[in-house]
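One chain is shown next in structure tokens, namely the form predicted alone.
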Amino acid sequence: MVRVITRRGLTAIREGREQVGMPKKPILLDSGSTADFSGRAAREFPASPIETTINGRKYTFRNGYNKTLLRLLREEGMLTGTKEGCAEGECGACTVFLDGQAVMSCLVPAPRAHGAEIVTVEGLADLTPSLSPSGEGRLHPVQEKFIEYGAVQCGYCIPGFIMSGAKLLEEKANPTEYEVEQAITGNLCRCTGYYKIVKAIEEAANSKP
């Protein structure tokens, strides 16, 4: 297998085809905001607490500095919507937004949360302005379409898919099917054929106000 792959790669380079099949503008799952680290004081953990903002709410963590961001959110912040699947950055179940970028929180050291803006699946609905007279929030369009199209089976991986889909719609207002597929390449589902997931994200883009 190594021999075949190496031969194919070298042949493509020789023939000038190494970019064939690669997207010209790849999906980055980044809303384009740039984090400002200039105002963040140097910290020594555990002497100093981790002070962060999660879903618009201020948190101060005096424990968990030696954990991953995933474990910090789940065990210290009690935000259990973010799931641990592989714990090695392969499945995407733990996807959250960190300073505007979709990241796999199992790979991020907890102290990176200091001074950061974090959004988890619990806070995703709050990003959509309320349309009801009562002032209550409503689900994010991606969440609504996942329900409508039944894009859930066991549900374990779905928070990660929803986060990736929501970030895609921030990056691309009207993504193509291929761009949707690019956006979820970091998310694995062991139950489905992905058809309903892709369809739900596409329809969420069409339903945005």
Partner chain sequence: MSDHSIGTSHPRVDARGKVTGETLYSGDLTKPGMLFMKILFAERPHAKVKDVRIDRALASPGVVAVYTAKDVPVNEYGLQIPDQPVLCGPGASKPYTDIVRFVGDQIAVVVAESEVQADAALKLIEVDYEDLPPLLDPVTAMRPDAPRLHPDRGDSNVCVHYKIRKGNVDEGFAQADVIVEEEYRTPVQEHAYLQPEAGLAYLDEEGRVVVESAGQWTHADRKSIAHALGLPEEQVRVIYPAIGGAFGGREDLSVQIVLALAAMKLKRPVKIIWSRRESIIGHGKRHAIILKAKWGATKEGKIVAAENEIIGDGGAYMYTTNKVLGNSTITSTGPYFIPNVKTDVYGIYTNNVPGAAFRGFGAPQALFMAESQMNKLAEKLGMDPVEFRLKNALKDGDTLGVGTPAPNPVSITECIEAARDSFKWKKRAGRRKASSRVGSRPSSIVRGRGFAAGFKNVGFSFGYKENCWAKVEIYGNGNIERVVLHHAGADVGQGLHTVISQMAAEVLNVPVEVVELRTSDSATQGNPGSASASRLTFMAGNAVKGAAEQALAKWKAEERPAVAEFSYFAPPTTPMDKETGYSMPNFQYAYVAQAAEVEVDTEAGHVRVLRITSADDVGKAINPELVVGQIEGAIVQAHGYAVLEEFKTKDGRVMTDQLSTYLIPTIWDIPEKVDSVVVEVPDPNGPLGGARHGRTALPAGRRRHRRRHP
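Residue numbers count along the first chain shown, from 1. What you see is a predicted model; the values in this text were computed from it and never measured.
The next section is about a form of this same protein that is not shown, the form predicted in complex with the partner chain.
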{"property": "Non-hydrogen atom contact Gln153 with the partner chain in the model of the complex at 4.5 angstroms", "result": "yes"}
{"property": "Thr68: touches the partner chain in the model of the complex, heavy atom cutoff 4.5 angstroms", "result": "no"}
{"property": "Partner contact for Leu28 in the model of the complex: the partner chain, 4.5 angstroms, heavy atom", "result": "no"}
{"property": "Any non-hydrogen atom of Gln19 within 4.5 angstroms of the partner chain in the model of the complex", "result": "no"}
{"property": "Non-hydrogen atom within 4.5 angstroms of the partner chain in the model of the complex for each of Tyr149, Cys157 and Val198", "result": "yes"}
{"property": "Residues in 157 to 192 with any heavy atom within 4.5 Å of the partner chain in the model of the complex", "result": "Cys157, Ile158, Pro159, Ile162, Tyr178, Glu181, Gln182, Ile184, Thr185, Leu188, Cys189, Arg190, Cys191, Thr192"}
